[in-house]
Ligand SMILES: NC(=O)c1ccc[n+]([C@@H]2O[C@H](COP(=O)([O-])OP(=O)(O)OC[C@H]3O[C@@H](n4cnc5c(N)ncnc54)[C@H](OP(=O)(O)O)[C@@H]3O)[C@@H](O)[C@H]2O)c1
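Just the one chain here, laid out as structure tokens, in the form predicted on its own.
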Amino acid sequence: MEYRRFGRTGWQVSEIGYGMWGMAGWTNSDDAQSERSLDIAVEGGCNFFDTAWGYGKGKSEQILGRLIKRHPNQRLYVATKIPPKNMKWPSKREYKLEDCFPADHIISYTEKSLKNLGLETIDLQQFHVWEDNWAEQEEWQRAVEKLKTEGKIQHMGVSVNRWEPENVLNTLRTGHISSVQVIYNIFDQAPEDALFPLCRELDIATIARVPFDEGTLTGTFTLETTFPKEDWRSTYFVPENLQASVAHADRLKPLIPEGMTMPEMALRFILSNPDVSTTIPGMRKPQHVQSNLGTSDGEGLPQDLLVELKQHRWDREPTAWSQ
């Protein structure tokens, strides 16, 4: 496993982290399988785990808390997220700070997460949605600094809305934020335009989420792919999105190097960018953990392939189904 400096925190985190949404709230989640997968990740050198209260109303946090107890001698970095008070994802321009993150809500949900995790302090707390027009409002800033002063969190981060990587730039300049979590993959390259350069300038860590484009970049979806009604992907991969996603993925298949899979190519594309501090694929099965961790070998992708993949940038606008 290769490690990278996590911005101004100074932490050395595994460049392949662990996204824990799929362990609570997705179909076919299995706690025993999840815990085995997490143990394998720790054994393989993964030390950064990203969860949220919103993943199963605290269930994913509880699973992570049990992992930490099973590995008391390992330094595992815990990142979680505060849900918006109105429980709506993503946020919208017309939402006010008091709709989503009033001070008492920030504090109370941090305390809920601490209880779920069984910890006295959270390494990285994050806002689970955001609007940059809240940047200068002192209420959230005072709440964050209070939590830091009381030792309940070490650092604060922001998870940016889907396909809105620049909807956080002024917030990062406030000095209260240590990391930003953003969708970044072969299709979603927009963070390279303004977000990543500003993070370099301010020494803010970047977490690349959705490395497989919610599954499209595994190369396994077809026009006949469906999801159970209770699986959130059934509302995300509406026909309009599924058809376009499959078409874009199919155009990548001829570029996959011999002996490599599309998921491996997708992860290596992300790891080839030194602006990325860590990426957090969702991994529910042990074989997925082993294959994903195996991409962390410092090799990335050949430059000529990276140039080709840059041509597959797919800029999208938030829609009613893009959550």
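Owing to the predicted nature of the structure, the values given are computational and were not obtained by experimental measurement. When you see a residue number, it is the position in the sequence shown, counting from 1.
Same protein, other form: the form predicted in complex with the ligand, not shown, and the subject of what follows.
Only one listed stretch (38 to 46, 62 to 70, 251 to 259, 274 to 282) carries heavy atoms within 4.5 Å of the ligand in the predicted complex, and that stretch is 274 to 282. Contact annotation: T218 falls within 4.5 Å of the ligand in the predicted complex, judged by heavy atom distances. The closest non-hydrogen atom of N292 lies within 4.5 Å of the ligand in the predicted complex. The ligand is not shown here, but in the predicted complex it comes within 4.5 Å of a heavy atom of K81. Mapping the unseen interface onto this chain, W11 falls outside it, with no heavy atom inside 4.5 Å of the ligand in the predicted complex. The candidate spot formed by H128, V210 and P263 is fully in contact with the ligand in the predicted complex: every one of the three has a heavy atom within 4.5 Å. Checking D123, D188, E214, E164 against the ligand in the predicted complex, a heavy atom within 4.5 Å turns up for just one residue: E214.
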